[in-house]
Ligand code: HEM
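Form predicted alone, single chain, as structure tokens, below.
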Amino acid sequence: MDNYSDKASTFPDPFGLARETRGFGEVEDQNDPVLMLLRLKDVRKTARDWQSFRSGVTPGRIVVPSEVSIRQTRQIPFEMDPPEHTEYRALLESWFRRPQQPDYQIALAGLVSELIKSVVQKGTVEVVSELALRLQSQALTLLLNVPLAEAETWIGWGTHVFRSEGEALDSQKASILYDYIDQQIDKALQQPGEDLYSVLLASRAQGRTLTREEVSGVMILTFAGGRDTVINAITNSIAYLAEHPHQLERLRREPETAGKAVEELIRYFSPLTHMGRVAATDTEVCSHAVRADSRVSLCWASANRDASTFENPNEVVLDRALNPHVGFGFGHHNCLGATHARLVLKTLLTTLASRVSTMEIHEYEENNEDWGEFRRKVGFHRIQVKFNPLQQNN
């Protein structure tokens, strides 16, 4: 067991001192350094200023660590700026709002119920691989509107589509995703259906139908953007409720608090540490000079612990009244899949509360990221948990 924290569900804030004293950090990334913005006000201001800090640059460069070496296809609309971004975002928003529909919510509730029933029957499971990865993949079939059986293929890829154990980036593994998406586009071209591939192929932007590469760019973002982040959010939430059984009991007594609980868990755990931008001109942030074409990052994880906005920022307050977190990004690039992710987590919390009495962590291995001077816990490589059923489910 890693002794990085006293409890499995404790996620220390490694940015606190730097955030308070200077407002930024610096990290070297494949000979393309990044200035990390740590304060909430600077993160929000920079996220809004797309004219000065651009997303529509070389594909893969705004991601930290950079994916320039493993990807040439632009992720849409993630790697675009207004006004181009605005048109493509509008094209996609109605599809990604589908989790608001009752039939979608009923279908997801059924998936979550079956998974929780399974882990309760097993008793003890490794949560990352046996629950979080499986739930993320099965839920994604609803978002893409494809058969549930497709989830088994995605589960075989592991928790990250661009990384392997011990490697920051893995071009061979990335090629598996690219090849898979190409095959699905071919299938949709030959036999159009009601899945996202087919809908995109029939969509128009810039006065024309989307190109094959544009469709691929949307799909790469859909697969990669919500994979390890959702898996971390699921796993970390279970770890928290296992070590705070009174909070699970509260969710059981007050299921209406689940929505606020999701927002607070996302704030506290911040499944994605940061995301980059590229300076369009010479400028200044936090009294620090930023050269044109250099990279800055919006450090969501640090901003979400900023004591100037959040009272008791290093504590989980499930019913936090004021919670302007940036766990799903901020500005015009806020997460397109946030509605889906929120529903997955809310459904998980309410299902756990209705089916599980307590959970016990047996052993775990933490997943830590190193960003220059900062070492940040983002989740777990593995965590063994025993699920104890409510008496009524025996």
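The structure presented is a predicted model; accordingly, all values stated were derived computationally and were not measured. Start at 1 with the first residue shown and count on from there.
The same protein also has a form predicted together with the named molecule, omitted here; what follows describes it.
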Could you tell me if all three of 108, 157 and 381 have a heavy atom no more than 4.5 Å from the named molecule in the predicted complex? no
is_contact(residue 237, the named molecule) in the predicted complex, heavy atom dist at most 4.5 Å: no
Taking the named molecule as it sits in the predicted complex, is residue 180 in contact with it (heavy atom to heavy atom, 4.5 Å or less)? no
Is residue 310 part of the interface with the named molecule in the predicted complex - any heavy atom within 4.5 Å? no
According to a 4.5 angstroms non-hydrogen atom cut-off, is residue 95 in contact with the named molecule in the predicted complex? no
Which of 64 to 72, 35 to 43, 355 to 363, 329 to 337 has heavy atoms within 4.5 Å of the named molecule in the predicted complex? 329 to 337
Select from the listed residues 272, 215, 241, 119 the one whose heavy atoms reach within 4.5 Å of the named molecule in the predicted complex. 272
Could you tell me which one of 127, 296, 135, 266 places a heavy atom within 4.5 Å of the named molecule in the predicted complex? 266
Sequence-ordered list of residues in 60 to 93 near the named molecule in the predicted complex, where near means a heavy atom within 4.5 Å: 77, 78, 85, 89
